[in-house]
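Only one chain is given next, in structure tokens, and it is the form predicted alone.
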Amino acid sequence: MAANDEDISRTAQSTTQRAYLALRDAILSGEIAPGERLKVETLKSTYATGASPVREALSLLTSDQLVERRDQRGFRVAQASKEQFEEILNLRCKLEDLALQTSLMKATKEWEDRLVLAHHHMSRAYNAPAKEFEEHHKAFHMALISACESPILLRFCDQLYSLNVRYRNFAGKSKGYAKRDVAEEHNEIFQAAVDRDTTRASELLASHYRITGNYLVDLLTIS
């Protein structure tokens, strides 16, 4: 491939990546609602890009299960439902429990240093803009399981995390959610992990995830 062809390829990839990340953020945050139709022409204007990057971004989001391709009718944001949330929750609890237990068993000083730093950054970001906090929040949860030494398992956990973010944002609209002490939940998980208390860390992490489900009970109209 000629040098300028490589430049064109990189530019196309970066344009697609920008469209993908922007659309992904809008879907995860709830800015674009579940079931909403995604028109290529509208998205071209919104994100100031061409049709090809938008279509490629939509295809990537379909692989992420955040977008649904409708036969001959284009794309729409994947529907949200109680059943899907429960499936995501159950899979996440099982897979992350496996990853966490393995991570704690294989934990090293380098792993602990990563976890301490991730927890510190997250702790300082609770009052930051949502996107900034989300970045540090995800880094903390992925740091917990990062020593499991299983790239495939980590990839599944990463995907389930993203699928769950939409539901966590829905739960955040529930009455009483603001009273939830998320920081303390994270602190307890962090301390149990640092203490290598596998049983307590597993219980706390599962509880942390299932509490979110409790706040979705009065929001089942998203089904």
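Position 1 is the first residue in the sequence shown; the rest follow in order. Being a predicted model, the structure only gives us computed values, none of them experimental.
Same protein, other form: the form predicted in complex with the DNA, not shown, and the subject of what follows.
Peer 1: How about N187 - does it come within 4.5 Å of the DNA in the predicted bound form, if we only consider non-hydrogen atoms?
Peer 2: It does not: once the DNA is placed as it appears in the predicted bound form, N187 has no heavy atom within 4.5 Å of it.
Peer 1: Do Q72 and the DNA come within 4.5 Å of each other in the predicted bound form, heavy atoms counted?
Peer 2: It does: once the DNA is placed as it appears in the predicted bound form, Q72 has a heavy atom within 4.5 Å of it.
Peer 1: Though only this chain appears here, would N164 touch the DNA in the predicted bound form if you measure heavy atom gaps against 4.5 Å?
Peer 2: N164: no, not in contact with the DNA in the predicted bound form.
Peer 1: Using the partner position in the predicted bound form, report whether V194 sits within 4.5 Å of the DNA, counting heavy atoms only.
Peer 2: No, V194 is distant from the partner.
Peer 1: Taking the partner as it appears in the predicted bound form, which of 194 to 202, 53 to 61, 27 to 35, 155 to 163 has residues with heavy atoms within 4.5 Å of the DNA?
Peer 2: Every other range fails; the passing one is 53 to 61.
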